[in-house]
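The data below hold one chain only, encoded as structure tokens and taken in the form predicted on its own.
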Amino acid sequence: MRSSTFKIAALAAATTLTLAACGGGGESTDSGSGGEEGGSEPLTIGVKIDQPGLGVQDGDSYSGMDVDVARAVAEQLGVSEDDITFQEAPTPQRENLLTTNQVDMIFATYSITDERKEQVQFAGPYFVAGQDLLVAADSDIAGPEDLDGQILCSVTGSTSATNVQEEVPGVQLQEYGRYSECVEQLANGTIDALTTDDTILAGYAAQDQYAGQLKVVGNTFSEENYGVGLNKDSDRCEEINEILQGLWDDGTMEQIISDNLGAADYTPNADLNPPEIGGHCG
């Protein structure tokens, strides 16, 4: 994927569609079905609220790549922004939030895995990231091979922790409920490294409060396919796949990535993006 392919005109078109969608009338109390002609119905969407560049809550406002993709998809489903309710979706709780219908869909750096597909279904992937390490700026850790005996932090329920434990049995794993807690411990020197997707790490490293203190190793060792989590009973999956493909085809997705992760000097893997969308519904 190259920045020269960004199509600013696509954003203008998307803005026009948003204004049109916001003008739709009608209401529905059933958030479990898709958007319908002649009205906009409410959607509850699970997102992260503490991942810079991906999903952040500031008062009543939500921002980040995942949040913007969620808005774009909801718009194409015929749902006005006023009818979207964003809700925090912590990593360990995502499947439960979907299976108990507390949310209609989840956009939260939600990697598609066979284990998760036993409980939920996925549209997408809409982006492919890679697992990496965040360490102190003066650290000698350059990759997983340097983690034996080190204290590594990740989030309970994430695929990242499992991947590293399998590769480096001697690592000392410390798990927290949120990545922001791991970053605080890393900056304090309590732990030696944090592992998760390179997108998440880049966002944290770019924060003003950690300027010059942290660095991303820059040597990814996995493929993390970000999917849209849906309840198994949802009939929106294939429609969302078509919408996601359209976001890549018209340049909107590339612009969303640039807008949210460009400040972190993050460069997506051009061999993996645009991703192959589909094959995970049902």
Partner chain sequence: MLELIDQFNVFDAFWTTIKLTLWSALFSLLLGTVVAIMRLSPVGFLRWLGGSYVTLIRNTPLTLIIVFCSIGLWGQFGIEPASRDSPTFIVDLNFRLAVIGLSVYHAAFVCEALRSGVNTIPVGQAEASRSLGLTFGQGLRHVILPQAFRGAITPLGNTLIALTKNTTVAVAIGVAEAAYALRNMIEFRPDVMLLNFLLIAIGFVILTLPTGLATSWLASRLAVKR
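This one's a predicted model, so the numbers in the text were calculated from it and none came from an experiment. Just so we're on the same page, rigid core means the largest C-alpha set that superposes within 1.5 Å between forms. Numbering follows the first chain given and starts at 1.
Just so you know, the form predicted in complex with its partner chain exists too; it's not on screen, but the next bit is about it.
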### Residue stretch of 72 to 80, 189 to 197, 206 to 214, 123 to 131 approaching its partner chain in the predicted complex, non-hydrogen atom distance within 4.5 Å
189 to 197
### Query
Counting only non-hydrogen atoms and a 4.5 angstroms cut-off, does Gly157 reach its partner chain in the predicted complex?
yes
### Query
With the partner left out of view, is Ala136 within 4.5 angstroms of its partner chain in the predicted complex by any non-hydrogen atom?
no
#### Entry: Non-hydrogen atom contact Gln185 with its partner chain in the predicted complex at 4.5 angstroms
yes
### Query
With the cut-off set at 4.5 Å between non-hydrogen atoms, does Gln87 touch its partner chain in the predicted complex?
no
### Message
Under the 4.5 Å heavy atom criterion, name the residues of 219 to 256 that approach its partner chain in the predicted complex, in sequence order.
### Response
none
### Message
Given a superposition on the rigid core, I'd like a yes or no on whether Ser111 shifts its C-alpha by 2 Å or more between the shown form and the other one.
### Response
no
### Core-superposed C-alpha of Thr156 shifting 2 Å or more between the shown form and the other one
yes
